[in-house]
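Before any questions on binding or motion, here is one chain by itself as structure tokens, the form predicted on its own.
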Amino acid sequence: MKLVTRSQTSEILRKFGFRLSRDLGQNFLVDDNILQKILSASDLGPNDTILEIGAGIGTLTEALAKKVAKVISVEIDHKLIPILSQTLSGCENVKIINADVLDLDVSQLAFDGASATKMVSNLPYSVAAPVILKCFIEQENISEMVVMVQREIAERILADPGNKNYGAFTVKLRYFCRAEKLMTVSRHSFLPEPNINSMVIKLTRWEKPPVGIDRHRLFELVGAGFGQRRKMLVNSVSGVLKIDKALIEAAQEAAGLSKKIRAENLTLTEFARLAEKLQNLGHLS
């Protein structure tokens, strides 16, 4: 069944009387050219086990199943399960899990004992950022992600320090991986059409984190730094973590940072250096 067409997708939705949910960010890909580019960029092998978040009506799922050993697909909307039962009826190498991935332990997701080593997904805008981080944190076997996200999320992923889109999510993600923009996808490639365009991003996990500081301490500092991003870092960190400003300034000086710097101007390496100084001073748990 050729799912990735506007007419076929519309027909399936009409047949099942399915009503799209704006809250779940349901926009189904109907552009085969984009689908093929995603598959090509994902470097799929016949022995791969792939994690997909958001099966939709099975468009990407079906295409993945033809190229890899196993697909583990998580779909939150129970109303899509009957549709998937039909569209994926010939795909015995697909396991559909009807759940909210944010409620799952991704490390426990497996298919006949095999856990995913890659993730390929068209991610709903509202959960894209937390889903990406969660999957990198909880499933260390995932070495690579090729994900389609709406433009705003892509801009946050790709942003450099000093950019308005650069934030805590950007810094935390760079602890795990490097990011590469693959392509822009027009809103006209979806049914229904979203309000803005999307991008396909490739995320490749580092062989080891680029900084040596404990991740939990680092993320605590990053979260505090961006907790009040318009304030100077010293004020934001002091307000969130309840550390005396003089002690933070001492740590900033030891880390070679200006006392007037803001979180949005710090690289991952600079955050790590400051976290290490605060930890050495006994002021970061």
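Given the structure is predicted, the values throughout are model-derived calculations rather than measurements. Heads up: residue numbers just count along the shown sequence, starting at 1.
Another form, the form predicted in complex with S-adenosylmethionine (SAM), is not on view; read the next lines as being about it.
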query: Do Val127 and S-adenosylmethionine (SAM) share at least one heavy atom pair within 4.5 Å in the model of the complex?
result: yes
Partner proximity in the model of the complex: Ala99 to S-adenosylmethionine (SAM), non-hydrogen atom cutoff 4.5 Å: yes
query: Ile53: heavy atom within 4.5 Å of S-adenosylmethionine (SAM) in the model of the complex?
result: yes
field: Residue contact check: Val94 to S-adenosylmethionine (SAM) in the model of the complex, 4.5 Å heavy atom
entry: no
field: Heavy atom contact within 4.5 Å of S-adenosylmethionine (SAM) in the model of the complex, the stretch among 215-223, 241-249, 56-64, 254-262
entry: 56-64
- request: State the residue from Thr49, Ser236, Ser42, Asn27 whose non-hydrogen atoms include one within 4.5 Å of S-adenosylmethionine (SAM) in the model of the complex.
  value: Asn27
statement: The one residue among Cys177, Val74, Ala116, Cys135 placing a heavy atom within 4.5 Å of S-adenosylmethionine (SAM) in the model of the complex is Val74
Sequence-ordered list of residues in 181-203 near S-adenosylmethionine (SAM) in the model of the complex, where near means a heavy atom within 4.5 Å: none
